[in-house]
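The chain that follows stands alone, in the form predicted alone, written as structure tokens.
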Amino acid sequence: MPSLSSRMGRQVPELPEVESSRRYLEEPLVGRSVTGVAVGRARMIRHQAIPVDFTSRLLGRKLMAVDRKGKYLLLRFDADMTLVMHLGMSGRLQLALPGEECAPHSNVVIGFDDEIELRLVDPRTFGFAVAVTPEELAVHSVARLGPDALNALPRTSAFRTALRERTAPIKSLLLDQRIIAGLGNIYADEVLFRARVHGSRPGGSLNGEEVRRVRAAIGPVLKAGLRAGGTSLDDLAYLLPDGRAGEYLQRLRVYGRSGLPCRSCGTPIERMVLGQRSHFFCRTCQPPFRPR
């Protein structure tokens, strides 16, 4: 049988993976100052309008907080400087001592006092890091994100309004970061299974009870992922900053389980493509939509 990675494609870190990394970084890094910056691949700072600003804006700055919105990490430094980081399709963060061997593709390395390094490891370089001022942050893509799926989930009435008259599949709408920020392919499928809603349903076709169930499923699914440290697939593209794998893989109910029995009813899990993304579902627990 093919591995989960080959059946699901490459993993893109989602909210539980990014939040797990944020929580791990917070205690050892907050209060420390940047003592060195190294960029191994210029593509990783491609959003920095003036590349030399990346180093000059960070050197000597003290880290005040490690925040997150959706899938973005926001490292808040003194003097109102923010380091925005996105892990892209294959990125992960690593904490290490300066003498420790760098993992391959450690493309951005930020040294802090007391000899600790934060390394952005990204083989495919779809991730990025950029140091921005408050004015630049206000026009960055972070500012266009919808409410955070974990910390600012909208009420059912507001969520239903966002879906009203939308003809796009609900799976695609859950992936739209302008509506709710943080959900990706893995957790959107898990949310829809828990809510007993098929991902192909047009968003506007969901009734009030169905919208309530989808909204109610988001928090428990994300929190379960967080308790497990996120999901690491067989390719181990995502790891926690200490090198451990996230353990949610074995708890997935539908994602990546095509052909395997549903954990609730035994019906084989199926896979279809929606908006060029895989959607895994149980035909019995999530009946396909049949318009009248």
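As the structure is a prediction and not an experimental result, all values here were calculated from the model. Numbers follow the displayed sequence, beginning with 1.
Just so it is clear, the following notes concern the form predicted together with the DNA, a form of the same protein that is not shown.
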#### Entry: Option touching the DNA, based on a heavy atom within 4.5 Å in the predicted complex, out of R194, H198, K71, R119
K71
### Summary
Exactly one of Q177, S106, T156, S205 comes within 4.5 Å of the DNA in the predicted complex through a heavy atom, and that residue is Q177
### Query
With a 4.5 Å heavy atom cut-off, would you call P147 a contact of the DNA in the predicted complex?
no
### Any non-hydrogen atom of F54 within 4.5 angstroms of the DNA in the predicted complex
no
### Query
Heavy atoms within 4.5 Å of the DNA in the predicted complex: does R166 have any?
yes
### Message
Using a 4.5 angstroms cut-off on non-hydrogen atoms, would F126 count as touching the DNA in the predicted complex?
### Response
yes
### Message
If contact means a heavy atom within 4.5 Å, which one of 129 to 137, 86 to 94, 109 to 117, 209 to 217 is the stretch that engages the DNA in the predicted complex?
### Response
86 to 94
### Task
Within 4.5 Å of the DNA in the predicted complex, which residues of 175 to 198 have a heavy atom? Give them in sequence order, or say none.
Q177, G184, N185
